[in-house]
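The chain below stands alone, shown as structure tokens; this is the form predicted on its own.
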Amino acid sequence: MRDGMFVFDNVVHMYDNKASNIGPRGEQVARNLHGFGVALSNEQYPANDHFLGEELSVEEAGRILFEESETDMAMAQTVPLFGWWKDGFSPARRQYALKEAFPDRVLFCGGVDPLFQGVEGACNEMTRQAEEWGSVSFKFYQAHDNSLSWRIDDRQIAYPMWERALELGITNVQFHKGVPFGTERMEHMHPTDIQQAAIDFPELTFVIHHLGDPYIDESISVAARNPNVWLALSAWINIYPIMPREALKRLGKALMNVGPDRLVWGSEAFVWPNVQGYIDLFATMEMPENLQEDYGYPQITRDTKRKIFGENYARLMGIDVGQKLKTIHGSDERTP
């Protein structure tokens, strides 16, 4: 916990950038990702210098998350990008391994892709990941190399997966929006294809990651008008050390239009391994008075931080925070 606030990291990735997993065009994309991490880093918040060519061990991941930071729980998210990586950038098997190593503290988020696996194959793999590995959510990447893409509101390609998720008792699905890695087309990463699916599947919660950057206004608008669309602040906190005012404006827009109850915390570990540093940043963050006066952005209260840090996602996942704290820490005491 941080100052009595439950910290549930929605986004950690156990990546695999070994040469054996990188496809013919994947090396440059892996370098692009590393370059993105370096661009949003400084001496205090460095990018992972072991990112290329190596795997992070589950022991090292656990140390970073649960020994060196105040993270209480985390979700290991699959990255099903099969065009550039043979088994995906963050393969399901590696996310499951982290969950198995820390079963009380890590949830497994599976991932499939209907273009590479076929619709039926993707649905079958969803079933396998849920039944064999205990997946409680699924992550999707719709835009791929050479203009390959699919839409969330496609009734033939996407809707069978949303139906399968509900059949499996899984009520939230998550999407990488914006933030291109390679030669995928930007328009294929736009968030507006969530709108009709959110209407057609009111039992599902659709989570947009990265605030859809650079489609931030569009992502916030979609979430503001659809109560089953949530926003993950993954990558948002990582820009703060080098662009604090821009980060505050993005959060201010989200708080003003969507409110604090559908925003969730994500560190994007382990591209940036200083997880505790980002927790410290958000825990002490304030909205400057001039941004409140000029734009109408609300204050970032302790109640707002408490919800975003962990209680929102715990509620979505049906986790009793007090009971979970007893399980992992032996006590549910929290300072006011």
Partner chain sequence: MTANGDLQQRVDAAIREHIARFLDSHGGAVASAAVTSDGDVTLQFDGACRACPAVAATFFSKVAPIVRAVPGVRSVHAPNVNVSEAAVTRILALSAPVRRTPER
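Numbering follows the first chain given and starts at 1. Source: prediction; values computed, not measured.
The same protein also has a form predicted together with its partner chain, omitted here; what follows describes it.
Interface residue among Glu59, Glu68, Asp303, Glu293, judged by heavy atoms within 4.5 Å of its partner chain in the predicted bound form: Glu293. Ala224 is the sole member of Ala224, Ile157, Leu168, Leu248 with a non-hydrogen atom within 4.5 Å of its partner chain in the predicted bound form. Using a 4.5 angstroms threshold between heavy atoms, Val119 stays clear of its partner chain in the predicted bound form. Proximity of Gly277 to its partner chain in the predicted bound form: non-hydrogen atoms within 4.5 Å are absent; the residue sits far from the partner. Remark: Ile208 does not count among the residues lining its partner chain in the predicted bound form, judged by a heavy atom distance of 4.5 Å or less. Although the partner is absent here, Tyr297 sits close enough that one of its heavy atoms falls within 4.5 Å of its partner chain in the predicted bound form. Figure note: of the listed segments 79 to 87, 231 to 239, 255 to 263, 126 to 134, the one touching its partner chain in the predicted bound form, with heavy atoms no more than 4.5 Å away, is 255 to 263.
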